[in-house]
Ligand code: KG4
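For reference, the chain that follows is the form predicted on its own, supplied as structure tokens.
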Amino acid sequence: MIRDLTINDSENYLRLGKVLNNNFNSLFNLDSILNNDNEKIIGYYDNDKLVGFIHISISFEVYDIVNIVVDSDYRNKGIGTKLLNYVIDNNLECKKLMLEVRENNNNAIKFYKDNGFELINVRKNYYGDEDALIMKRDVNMKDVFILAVESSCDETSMAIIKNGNECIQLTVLTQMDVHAEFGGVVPEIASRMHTENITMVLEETLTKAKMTMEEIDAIAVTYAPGLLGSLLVGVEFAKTLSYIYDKPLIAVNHIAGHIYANNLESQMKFPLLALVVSGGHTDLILMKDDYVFEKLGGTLDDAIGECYDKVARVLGLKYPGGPNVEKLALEGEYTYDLPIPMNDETLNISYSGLKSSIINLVHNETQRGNEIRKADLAKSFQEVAVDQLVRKSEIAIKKYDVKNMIIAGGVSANKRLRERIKELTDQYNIDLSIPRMIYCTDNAAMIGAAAYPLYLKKQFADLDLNASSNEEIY
């Protein structure tokens, strides 16, 4: 977590500062800095422990870096870069960063060069008998355009995303009608159709965006998890584009994509609680920073999207099952007595028992010749299924100090879930972020949004990148 230091951080601040100078307190007294409107000092925390800080002196649009210090046990983890990026991202008035560094401090010089600083002058004997190098970084960096490819299941999708938060163009070619004939996605058909359509989708995306590949800064692609054959089509296509046009390749996890789809609406605020709900996942994830995922709990068996689809089949509804169960539930009443899953204080989730009880109920009632009130059963199922997510989310909110909650994954399109989670976050005065419907289901825009933080960190993939059907983010 990153935040401004307070006077309560004095002891740890001094502990870190003495690495630089034994007289650190007299030179950079924390109380004086905190009472100076022209200075900022921002800390990086591991839980509640201060492990790094950046000290900034402000002169109009120019920010002078006085010190960047990171605990020796936490170095080479990108903390310095995160502190720099935090200053830039949270101070829009900042147009230029300046600093002086000892000419023999090779590690610091390399760090600053890697983070976009350039040498502009030398101050002779600034540090006694040692020169100081004056370095500068202009903050008004050029816009970054990422071409993203998504083919993890039965949608062939590409998007062009600007600066991780603006969708310039999104193209989604769905195979839903084809797979509906079979009552679900047929992997072999899905991968073959991706192969047939992917070039056409690229051409349409570039044409509608009125852009060329030369204007693209990087290629992002979903590499996991998903249907292996489908993923391979997208990965190989993205690798080919990366090689031909000499663009960096960024590998994005599909679930990270669903989470970062929220940045297309508003900037995610850390620490946050993410409820990931899809056909393959039902997880509660704590994020204290970009790409720091801690799984708090999740399903022990079926995912909620999988359960919706199986209930849809029992009720005789067409594919895709989830939206049709939700639609039918609007016509019904909560009249069926169904078991309440995982009614405890853990963050574990289960849908297998709920699914089985509905299957058994329909079977027994049919055997007896009784009519199944399908709308009522759909409504009863949905209320129980959604209530479990709300209960578990509330337990997590009470246990962890979060500022923001997000819902991610295909099931985040469910209106009843949105209503219940909104009531919960309002109750605890927590900001709620849910993507627009177009960004809830599988799409390439979310992949481009998730790729942007990796682009800034220069975390690029090699051309030997391979697809994985089940790799997780935590």
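For every residue, the number given is its place in the sequence shown, counted from 1. For clarity, every value in this text was computed on a predicted model and none was experimentally measured.
Keep in mind that the form predicted together with this ligand is not shown, yet the notes after this line are about it.
A residue is said to contact a partner when one of its heavy atoms sits within 4.5 Å of a partner heavy atom; His194 fails this definition for this ligand in the predicted complex, lying far away. Interface membership of Gly410, defined by any non-hydrogen atom within 4.5 Å of this ligand in the predicted complex, is confirmed. Although the partner is absent here, Glu326 lies within 4.5 Å of this ligand in the predicted complex, judged by heavy atoms.
Interface membership of Asn414, defined by any non-hydrogen atom within 4.5 Å of this ligand in the predicted complex, is confirmed. The candidate stretches are 206 to 214, 394 to 402, 98 to 106, 318 to 326, and the one lying within 4.5 Å of this ligand in the predicted complex by heavy atoms is 318 to 326. Along 242 to 268, these residues reach a heavy atom to within 4.5 Å of this ligand in the predicted complex: His254, His258.
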